[in-house]
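As structure tokens, one chain now follows by itself in the form predicted alone.
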Amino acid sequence: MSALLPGDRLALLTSGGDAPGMNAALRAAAKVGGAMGFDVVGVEDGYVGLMEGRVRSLDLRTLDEASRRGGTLLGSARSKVFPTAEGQARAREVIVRENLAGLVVIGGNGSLAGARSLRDAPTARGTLRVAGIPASIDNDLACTTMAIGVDTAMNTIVEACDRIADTASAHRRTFVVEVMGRDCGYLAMTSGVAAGADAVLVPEIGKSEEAVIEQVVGIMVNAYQRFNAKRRVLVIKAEGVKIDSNALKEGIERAVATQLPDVDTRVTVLGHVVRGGTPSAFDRLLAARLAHGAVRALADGLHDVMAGWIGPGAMPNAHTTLSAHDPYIVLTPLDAVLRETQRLMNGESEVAQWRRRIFSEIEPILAR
């Protein structure tokens, strides 16, 4: 596979759920690509826009302003048509018509699967060169320590919980705060530790509904009845925990009706508030470094890879290679990323097992 050359047309695309920092990644990719002589363009609304041929030029000054905002300037959309043979054919026709030589996809697991499906799309100079950049507030992608948007989402949750804790303490209340994360409890646990929660409920532990209620009730009784009793209990629940938050509230209230008759329980679902907002400094820097690594990889002749982040002290696994341009960026074949992500979500990978063990160890510590 040949490298991208000056004059080649490189398309940028954001797909799937939006994540704070996507615009910073777009800005960095456009600036790096432009500096290397590529004709950098944007695809509107993800793979839907690719199928419809909505490819446009990018204004760097507009990207400068957008990089400090959440969402994505190019828009994003989920498509049921793109994975079909008809959708693939339409996308490939646009790739040829728009003379695209490379494609950088910014998004989560489904978005990267879409990028992989286009790696053999024909172009004027061989097949399409594709690279992925991980962006998902859930932090449920393998082969990267952090994805774009995770840090901002954690900060949003912690700020909300700090405010909730104030009003909870004033009224001697228990609050169940549900946060996003799909089937991954990373956001709930990390924000729970940072916010000083009394309990964090994550799907990785695999407790039954009865066990979850029993856990929260035990924490409440211990908190409110002991000497120097607390005036609030904060429970952070990942959305992947199967019991509905209102059903959890009702179960708790029934169980403590006699022991704690004067304690109220309330539910707050943060929902899409967690997705929005100004990206943190870390997310902006992470986005820029990942984008730089992805574009440089295509220029170096690497192809069909995701640029991932490894924190200090972490070691790349057998599938990854270190970027020649950044000591904290690793490049992993998309096949390996998707395979390891499936193992992560199935609880089979080393990272999944480590998370489960750590979550179990933290649980009794939070309840003290």
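Heads up: residue numbers just count along the shown sequence, starting at 1. Since the model is a prediction, treat every value here as computed from it, not as a measurement.
Beyond what is shown, the protein has a form predicted in complex with 6-O-phosphono-beta-D-fructofuranose; the following relates to that form.
J.: Within 4.5 Å of 6-O-phosphono-beta-D-fructofuranose in the model of the complex, do we find a heavy atom from each of S191, K237 and R355?
T.: No: no residue has a heavy atom within 4.5 Å of the partner.
J.: Please run the contact check for G181 against 6-O-phosphono-beta-D-fructofuranose in the model of the complex: heavy atoms, 4.5 angstroms, yes or no?
T.: So G181 counts as contacting 6-O-phosphono-beta-D-fructofuranose.
J.: Do T174 and 6-O-phosphono-beta-D-fructofuranose come within 4.5 Å of each other in the model of the complex, heavy atoms counted?
T.: T174 lies outside the contact set for 6-O-phosphono-beta-D-fructofuranose.
J.: Since only the chain is shown here, I'm wondering whether R275 would be in contact with 6-O-phosphono-beta-D-fructofuranose in the model of the complex (any heavy atom pair within 4.5 Å).
T.: So R275 counts as contacting 6-O-phosphono-beta-D-fructofuranose.
J.: In the model of the complex, does A131 have a heavy atom within 4.5 Å of 6-O-phosphono-beta-D-fructofuranose?
T.: No, A131 is distant from the partner.
J.: Tell me, which of R78, K207, R125, K230 has a heavy atom within 4.5 angstroms of 6-O-phosphono-beta-D-fructofuranose in the model of the complex?
T.: By the 4.5 Å heavy-atom cutoff, the listed residue in contact is R78.
J.: Within 4.5 Å of 6-O-phosphono-beta-D-fructofuranose in the model of the complex, heavy atoms considered, which of T72, T152, S136, T144?
T.: Filtering the options by heavy-atom distance leaves S136.
J.: Where, among 136-144, 249-257, 111-119, 195-203, do residues come within 4.5 Å of 6-O-phosphono-beta-D-fructofuranose in the model of the complex by heavy atom distance?
T.: Contact-bearing stretch, as computed: 136-144.
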